[in-house]
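Same protein, same chain, two forms; see structure 1 and structure 2 below, as C-alpha cells.
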Structure 1
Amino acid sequence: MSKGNLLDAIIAQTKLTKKQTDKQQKIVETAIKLFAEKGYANTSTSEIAKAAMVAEGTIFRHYGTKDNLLLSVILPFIKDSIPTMAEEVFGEIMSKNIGCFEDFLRALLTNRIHFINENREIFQIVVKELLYSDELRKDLLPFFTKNILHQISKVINLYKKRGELIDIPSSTIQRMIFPLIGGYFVSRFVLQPDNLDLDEEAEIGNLIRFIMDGLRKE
C-alpha cells in the first residue's frame, strides 16, 4: 500500500487498463464481492481464485500483488467518485443556478445515493479499509477532503452570501454536514446492507429537513 502518491497510482492504473480479459473481469468481480463481504485482510487470494474459477497464479499474473488487486478495485471508484462529483454534480448544479440550498442538497444526495447504490460493494470496501488501514487512510483521506471540501466550501459560501444559511464558519458547517451525510451512507450501505428497501424519496426528504431545520419545534 501507499505507493507514494495515490494520484499517480490512479493514473498509472488507468494506463494499465488496456483490454481486460474475461478472467480478469471475473477476478475483479469476485474480489469486490469477497472484499466487501469479509474485508480485505480476511479474504485470501486462493479463496478469490476458487470463487472466480481461475488459477491462483492468474490473479498474480494480472495484478502482481494482493494489495494491487485491492487498488485495482478501489481506484477506479475513487477516480469516479471524486472528480465526477466535483465537476458534474457541483458544476452542473452551480451553473444552472439551481434555486435554494435545499434543491442543491437534494440533487447532490440523489446523485450520490445512486452512485453509491450502483457501487455498493466497492463503497463498503472503501469504507472498511479506510477505517482499517492506516496506510490507505493516510493516502485517501487528504485526497478526499482536498477535493470534496473545497467544492463544498464554494457552495456553502455562495448560499451564505445569499442569506440562506446560518452565519457560522463554513468549516464548522462542513464538520456538521460531512459526518451526517457520511454517517448516513455508512449506516445505510455498510452497517445494514440488507435493509435497502426504504422509501428513498422520503428518506432524502427527512435528511434534508433535518439538515435544514434541525429538531426544534417551530
Structure 2
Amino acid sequence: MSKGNLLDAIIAQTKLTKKQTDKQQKIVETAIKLFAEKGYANTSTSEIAKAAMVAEGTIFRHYGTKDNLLLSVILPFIKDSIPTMAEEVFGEIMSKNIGCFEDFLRALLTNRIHFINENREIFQIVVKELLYSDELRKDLLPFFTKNILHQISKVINLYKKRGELIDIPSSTIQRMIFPLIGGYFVSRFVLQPDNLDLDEEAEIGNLIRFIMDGLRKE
C-alpha cells in the first residue's frame, strides 16, 4: 500500500477480521467514512450511530468512547501495514536507479506527498491523535522507528559509502532529516491544510536544498 486510497485498505482489512460482528463491521466502516468526510472532531457518535443504523448505546457498549473506536480501527491497520508499506516505498524508489542522495530525497518526497494527498483525512486524524494521545504514541512510535527509520538508515549508509554525505554517524543524520521531513508534512497537511496552490516542484526543491545546505549563505 505505497500508493492508493488508505480508507479502502482499512475497510478491506476490517472485513477480513473474524473478531467483529456484522454490526461492529457496519459501525467501523461508517465511522471511517465520516471521520474522513467531516474530520474526527466534527463527527459525533450519534451521527455514526444514525448513519450505521444502530443505537448510539451500541457504539458505547462495543467501544466505550469515540477515541477507542478510532484506535480500534487505525491502530491494528498501521501495525500490520507499516512493515510492508515501508519495504514497498523504499524498494520502489531505489529500483528506479536513483543516482545521488538528492535524487533519492526528491523521489521519496514526491512519493509521500502524493500518498498523503490521496489520504489527507486519515493522515490528519492520525497526526492529531499522536499529538494528544500518549497511548497511541507508545503503541505506534516503535513501529515507525523499527521500520521507517531502519529503511532510511540503510539508504544513508549506502550514500555515505559512496562518499556523498558527511562522515558523522548515520543515526545522527537520520535524527536531523526525519523530523524535518515529518515536520514539513505535519505543517503542510495538518497545520496549514488550506495552502493548495503551492508549486509542488519548488516546494520539494526548497526542502531538499535546506536539508543539503541549510540556511547559511555562502
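Sequence positions of structure 1, starting at 1, serve as the residue numbers. Given the structure is predicted, the values throughout are model-derived calculations rather than measurements. We call the rigid core the largest set of C-alpha positions that still match within 1.5 Å between the two forms.
S.K.: Where's the form predicted alone, in 1 or in 2?
M.R.: If we ask which form is the one predicted alone, the answer is structure 2.
S.K.: Has the Cα of Glu29 moved 2 Å or more between structure 1 and structure 2, judged after a core fit?
M.R.: Passes the 2 Å threshold, so yes.
S.K.: Align on the rigid core first; then say whether the Cα of Glu164 has moved by at least 2 Å between structure 1 and structure 2.
M.R.: Where the cores coincide, Glu164 shows only a C-alpha shift between structure 1 and structure 2 that is less than 2 Å.
S.K.: Once everything's superposed on the core, is Thr58 shifted 2 Å or more at the Cα between structure 1 and structure 2?
M.R.: Shift of 2 Å or more: yes.
S.K.: Taking the rigid core as fixed, quantify in angstrom how much the C-alpha of Lys38 shifts between structure 1 and structure 2.
M.R.: That residue's C-alpha sits 8.2 Å away in the other form.
S.K.: Check the Cα of Ala49 between structure 1 and structure 2 on a core superposition and give its shift in Å.
M.R.: Its alpha carbon moves by 4.0 Å.
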